[in-house]
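Here we start with a single chain on its own, the form predicted on its own, put down as structure tokens.
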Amino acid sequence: MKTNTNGSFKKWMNKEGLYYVMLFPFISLFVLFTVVPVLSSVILSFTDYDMISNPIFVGLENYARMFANDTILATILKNTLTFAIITGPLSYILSILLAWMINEFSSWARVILTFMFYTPALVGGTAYLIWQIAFSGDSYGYVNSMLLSLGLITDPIQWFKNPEYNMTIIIVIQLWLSMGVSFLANLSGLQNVNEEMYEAGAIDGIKNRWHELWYLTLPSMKSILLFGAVMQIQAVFSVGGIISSLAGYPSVDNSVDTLVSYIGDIGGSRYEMGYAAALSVLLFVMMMVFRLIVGNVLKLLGK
């Protein structure tokens, strides 16, 4: 009996166990830095915690405050959803189309173009400084200077302090910064599509490149597309630092404040960690809902 057990264990180790051993460092880090913080946030969302005293269990009080007493949250959620619904699909489609077009170039041109489009995401938060200078609220800002010289305005416009303009400008900036991991993943996926599939498609009636893209290329990249979608969802819902740097926090009438910047204020400035954790749970649920919607949409590819 003991011999059989040892023999079974050795077979399992030789067949599957080695893979688990190799995955153990990643799984340990994932549990430590992802699973534990998420579970901690859920637990803290039911407490009153200021990072000094011990957490006090308050039940659903934070969630009641969220939906019944927080007068700012409705505006924050509207801004977050507006930003996500506009920039998410646009940046996702843009990353697919640009990767598709760049993939048609020769290898050296592809490398140069990939670097050009990926550079804004590569330099990270410092990239917004270009736009901050361009839309500076004084007469030295490039846009104000041009409009003043053309006689279209008489006084400089405070672009990031004006609710009529700030959301639109920040959406454009985020689209410019959106060529990140999903863009590279799509480009990699395109380069690994089986070329023989296109020959078979031509025989079966594929008429043009758009048909190839919809019926052959994208369906064969569903796993890559799902990965890119998840990364885009994470990116658009986690934007907060750039908005606060450009428009300040709070922005005028909270016109561009997002859930991430609001959580940072509640937890980092007011030390209301229990309520900040409840808001984080809300953000997580919103991201999961969008993930499910995108997953169902991707199932329609090629149908």
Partner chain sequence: MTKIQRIFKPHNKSQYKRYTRSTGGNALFFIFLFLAGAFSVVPLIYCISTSFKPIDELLLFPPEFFVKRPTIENYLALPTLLNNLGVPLARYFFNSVFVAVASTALHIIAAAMAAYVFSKGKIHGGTVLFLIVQFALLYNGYTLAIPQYFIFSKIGIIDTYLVYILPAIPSSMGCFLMKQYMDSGVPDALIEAACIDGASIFRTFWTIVMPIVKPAWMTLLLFSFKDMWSIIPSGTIFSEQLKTLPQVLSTLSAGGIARSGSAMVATVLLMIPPIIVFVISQKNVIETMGSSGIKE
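In this text the structure is predicted, and so the values were computed from the model without any measurement. The term rigid core refers to the most C-alpha atoms you can superpose between the two forms while keeping them within 1.5 Å. Residue numbers count along the first chain shown, from 1.
The form predicted in complex with its partner chain exists for this protein as well; it is not shown, and the discussion that follows is about that form.
Proximity to its partner chain in the predicted complex, defined as a heavy atom within 4.5 Å, singles out one entry of T82, S220, T75, N162, which is S220. With its partner chain left out of view, the stretch that reaches within 4.5 Å of it through heavy atoms in the predicted complex is, among 162-170, 179-187, 146-154, 83-91, 179-187. In the predicted complex, its partner chain sits within 4.5 Å of a heavy atom of A276. Its partner chain is not drawn, but in the predicted complex it has a heavy atom within 4.5 Å of M51. Under a 4.5 angstroms non-hydrogen atom cutoff, its partner chain in the predicted complex has G264 among its neighbouring residues. Contact between V42 and its partner chain in the predicted complex is found at the 4.5 Å heavy atom cutoff.
Residues of 251-288 placing a heavy atom within 4.5 Å of its partner chain in the predicted complex, in sequence order: V260, I263, G264, G267, G268, M273, A276, A277, S280, V281, L283, F284, M287, M288. Core-aligned CA deviation for M22 between this form and the one not shown: 2 Å or greater.
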